[in-house]
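Next up: just one chain, as structure tokens, the form predicted alone.
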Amino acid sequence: MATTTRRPALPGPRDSAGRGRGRRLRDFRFGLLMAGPALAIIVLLLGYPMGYAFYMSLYDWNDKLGGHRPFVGLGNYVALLGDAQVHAALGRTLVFAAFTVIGGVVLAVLIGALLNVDFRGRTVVRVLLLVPWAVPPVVNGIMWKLIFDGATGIVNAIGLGLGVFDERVQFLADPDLTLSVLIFAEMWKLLPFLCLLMLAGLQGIPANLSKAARIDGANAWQRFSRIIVPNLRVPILFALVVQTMWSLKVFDTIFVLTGGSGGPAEGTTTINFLAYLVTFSNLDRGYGAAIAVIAMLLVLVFAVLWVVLLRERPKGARR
């Protein structure tokens, strides 16, 4: 009597798809379980203050009025649209960000390219480059306040000694000059990080590319513009967005440099610092919270821009 053996049934396409969905669901649950504590901490530390700030912005919450806090809905945000002080602070913020971002990134690329060249003492120069990064923000502000002081600052002493100035310049008494000092101080503080970022990107570029271009007759500018800059695309984009975010929320340098006033004549009052002044000097917590929410949205816009520009592209996708 002949016997037949049955082969085990092979899984069909539907069975494979079902198992794939089940595996993905299990992976998702496992990932959610692992990330749960971190998400809870983020919600507690970030979500609650942000939500509470938005809650305050919906009320006419002024401590000068005592405990009376009428609900005004989006009234504070509507008032922001016609507030000339907010418009001026926003424009000042964008000017400050444009100079610190563009100037900082351009200088970082140039300095990074120089530090990537092999020369004697390069290690010492790289270490010295880190000094501004190691200086605390408050010390940085005090230092530049003393350097540009109109009576005892070393800048005035050097300028008068060299005959550049006819008389002492009050750098911290003129709104435009104070904003320039603020931009310079902020760039000095953040430039080391940007330079290290560019230097790391430069060291990832194969040296053979520059050698081949030099053999083909390319000059220094052509090698810089056609080899270095295109290969630094990701570090440059990262630096642009991160530096923009830092510039939009700058506070400590302004506070120290101007003695907490944002002056002179509101010349250094950015949107972030205006939120502080309205909230803690004018005690108008509701309106100050609305300004802070707008500042936070500006930062989030650039954060989303960062994610969009630097998201990983699928292999084979056209650029």
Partner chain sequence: MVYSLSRRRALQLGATTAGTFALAGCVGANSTDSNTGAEDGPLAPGDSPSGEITILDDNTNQVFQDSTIAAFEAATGITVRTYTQGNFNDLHDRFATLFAAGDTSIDVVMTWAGWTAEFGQAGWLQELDSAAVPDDLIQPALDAVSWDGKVYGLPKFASVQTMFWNKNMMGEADLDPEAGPQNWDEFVEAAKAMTTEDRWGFACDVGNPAGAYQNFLRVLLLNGGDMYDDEFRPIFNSEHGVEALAKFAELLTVHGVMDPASLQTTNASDLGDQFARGSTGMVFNWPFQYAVATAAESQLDTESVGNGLIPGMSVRSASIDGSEGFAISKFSQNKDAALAWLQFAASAEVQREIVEREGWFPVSQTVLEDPQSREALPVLETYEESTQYATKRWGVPWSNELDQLLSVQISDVLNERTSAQDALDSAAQQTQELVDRYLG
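Nothing here was measured: the structure is a model prediction, and the numbers come from that model. Positions refer to the first chain, counted from 1.
A second form of this protein, the form predicted in complex with the partner chain, is not displayed here; the remarks below concern that form.
The partner is not drawn, yet in the predicted bound form one stretch among 108-116, 197-205, 126-134, 168-176 has residues with heavy atoms inside 4.5 Å of the partner chain: 168-176. Residue contact with the partner chain in the predicted bound form: Ile215 places no heavy atom within 4.5 Å of it.
Among heavy atoms of Gly103, none comes within 4.5 Å of the partner chain in the predicted bound form.
Although the partner is absent here, Gly150 is a contact residue: one of its heavy atoms lies within 4.5 angstroms of the partner chain in the predicted bound form. At least one heavy atom of Asp63 is located within 4.5 Å of the partner chain in the predicted bound form.
Highlighted residues Gly91, Ser180 and Phe184: none comes within 4.5 Å of the partner chain in the predicted bound form, counting any heavy atom. Contact annotation for 265-280: residues with any non-hydrogen atom within 4.5 angstroms of the partner chain in the predicted bound form are Ala265, Glu266, Tyr276, Leu277, Phe280, listed in sequence order.
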